[in-house]
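So this first bit is one chain, no partners, the form predicted on its own, shown in structure tokens.
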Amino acid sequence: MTTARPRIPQVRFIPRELSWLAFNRRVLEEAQDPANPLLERAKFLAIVASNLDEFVMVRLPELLDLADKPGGKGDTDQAEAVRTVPLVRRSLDQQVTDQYACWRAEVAPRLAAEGLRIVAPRDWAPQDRETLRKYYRDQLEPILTPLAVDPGRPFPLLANRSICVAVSLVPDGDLPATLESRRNALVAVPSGLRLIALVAEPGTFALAEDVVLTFLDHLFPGFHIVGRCLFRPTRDGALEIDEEDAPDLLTEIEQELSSRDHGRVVRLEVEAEGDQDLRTWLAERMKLDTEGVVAVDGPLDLTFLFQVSGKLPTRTDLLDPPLEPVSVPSDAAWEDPWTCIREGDVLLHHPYESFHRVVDLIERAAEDPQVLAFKQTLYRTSGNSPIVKALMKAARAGKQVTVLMELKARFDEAANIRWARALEEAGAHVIYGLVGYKVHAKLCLIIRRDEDGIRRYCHLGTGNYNEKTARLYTDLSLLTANEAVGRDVSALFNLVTGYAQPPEWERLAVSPLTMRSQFTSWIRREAENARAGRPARIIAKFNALVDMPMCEELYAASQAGVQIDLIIRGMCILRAGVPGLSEHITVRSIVGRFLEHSRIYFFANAGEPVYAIASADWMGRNLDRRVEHLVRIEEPELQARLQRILEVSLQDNIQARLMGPDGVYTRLRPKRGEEPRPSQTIQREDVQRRAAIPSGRTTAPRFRPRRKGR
């Protein structure tokens, strides 16, 4: 009797949009988990809402455009998009349903029990109703603008993601209303304050849109409101920029930003209890079919839940315990950071180890008379960035400061334009990205005159130069004065700021030049080692795997016998654990208090292991259309630290979810008698334990810079 060969799924890859929604489902699970503190659950609901907004603005329009583009039956991209659209619609609708079910049945009642209650208009106490009437008259009505819609006044352009009210009106003398006598109008609810404190009972709040909805009849004297509906449009957020022909990229992006709110409406959220005729009218005016309209049984836009913890400032018991990042190296060792870095590379694991050491290094360098020059990439920064301010200070002090500011960082374009102009005014040389490429590398190069000559000090990171997100994201920073790394980083800056042939890289791999080929070479070498009976293994921790060629390389390595363990927070189109295809591949996702953002790559290499950290995921855009860096970590002590991070992540049985062959993720839980192993808690404990022990250490494509006016 012969055993039937396991069936390999005809579909080798999971649609990336469905994989993205699966990740957001894992975030929603954190909101649904009663083991999480209540205010953290509310925060996760807000993150889910924010993520869905970005999905609808960015990924959904791309998918819809691909499905609608002209092409024959042989157009596989279009055919795949056509198959995927209804699956995405269904998944999106179900996620919204589950999100609001969590809010109504779990989070809102528990918040009320803990002293924070959002009160619907029908439940306002008489005292609150009068107070809100006065608040509306004094604070809201003066800034409201009624917008009639009729043949002489067309449907207005409503701001993206704004909460609005649609009303049906009839003249007072035309009651009872008929369909012919109804007239429609719109009112945009002021953005900003969503929660308005009530006075009858402490800890109770009204939503701003409910106040407007209740009292807006004052805006239409002589008319009677016969229908009301709250709604919220979400628009296509893509920017259309012709980089080749744009004479000035900065001005071009500024002009496009002003039109971002003018994109087509992709989704219309309406309150479930809203007037049905108004819902139909809104959908028609926004040119949406029924699939583009989402009825919401709860408050529109749950991102207001980011504000909730501020309404219960004394209830720290409802939050995760505060994390105080460890300052490493120690204050004594860091008294002279230059000596500290010269004595040996420093690897920081954020947020457990403070990002302030990176900020402090740049701030000290700005004031250090021995520092001659800075070269820095900036992709996403904070609104009050101390790093940018330090670079401006250095430029004013006469140091040579070159900043490669990526203007095309999605949804951070306006902030980056402001910083770019401020840096130029301070005297820095600013390059506005590269034609055809985004600069996503995280690099800082400081040139200093030491006692023994000119030396390069480098920072290479997996995350952005943003001191705020560095407290929320897990990332890695390498501080080094290694000469080979310094030569590579200098060469990379010269490559992107001027005209230079790519060098023979010593410790770096660079996208779009060598990173794809380097990864491919490493994966294939593991496959060769496995076939030859030598030690072979791959462990990689990163954010997204959506590149089909990389997946095919991993499939081939798995079939050669390589054990491959992938720790991927977000999208993954690869199918894991499929007999005959990927039976030696595991894929797990860790979702917890901190957003897992670090990129670590390990290849066993027959006993001579390769460790690297990078700014890049395994996505086509990272490998082919962005400037990215990877740096090999060769110091044994730092390799051991990276190995520990990977091992702890693979052992997680609390925050990890494991992908099955069908692409569905299952949350891991401790087996009977097994100790719980939450990776983020263990990482924090590792850092605290290490800080308590005194250290015994003694020792291709041609890039065309985009400049202002070109």
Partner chain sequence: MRPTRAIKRATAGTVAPGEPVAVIDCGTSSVRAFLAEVGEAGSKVLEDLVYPVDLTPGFTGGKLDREAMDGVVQAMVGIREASRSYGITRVRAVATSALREANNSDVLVERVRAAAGFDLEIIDGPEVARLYFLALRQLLNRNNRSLPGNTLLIDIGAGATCVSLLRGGKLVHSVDEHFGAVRTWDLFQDLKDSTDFAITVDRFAIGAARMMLARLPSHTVTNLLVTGGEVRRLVGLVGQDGGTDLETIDLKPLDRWLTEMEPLTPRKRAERCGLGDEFEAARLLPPASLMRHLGNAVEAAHVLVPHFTLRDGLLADLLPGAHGAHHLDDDHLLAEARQLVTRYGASLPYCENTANLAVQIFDQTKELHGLGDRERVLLQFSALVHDVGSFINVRNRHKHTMYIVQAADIAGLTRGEQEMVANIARYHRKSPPEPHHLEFMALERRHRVVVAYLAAILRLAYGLDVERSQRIKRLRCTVDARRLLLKVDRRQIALEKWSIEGKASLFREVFGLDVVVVPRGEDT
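Being a predicted model, the structure only gives us computed values, none of them experimental. Numbering follows the first chain given and starts at 1.
Keep in mind that the form predicted in complex with its partner chain is not shown, yet the notes after this line are about it.
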Although the partner isn't part of this model, could you tell me whether Gln501 comes within 4.5 Å of its partner chain in the predicted complex, counting any heavy atom of the residue?
yes
is_contact(Pro151, its partner chain) in the predicted complex, heavy atom dist at most 4.5 Å:
no
For Ser521, is any heavy atom within 4.5 Å of its partner chain in the predicted complex, or not?
no
Answer with yes or no whether Gly427 is in contact with its partner chain in the predicted complex, where contact means some heavy atom within 4.5 Å.
yes
Between Ser490, Asn160, Gln78, Thr586, only one gets a heavy atom within 4.5 angstroms of its partner chain in the predicted complex; which residue is that?
Ser490
Heavy atom within 4.5 Å of its partner chain in the predicted complex, from candidates Arg182, Arg456, Arg516, Arg593, belongs to Arg456
Where does its partner chain sit in the predicted complex: which of 187 to 195, 392 to 400, 633 to 641, 545 to 553, heavy atoms within 4.5 Å?
392 to 400
If we check its partner chain in the predicted complex, which of the residues in 362 to 386 reach within 4.5 angstroms of it by a non-hydrogen atom?
Leu372, Ala373, Lys375
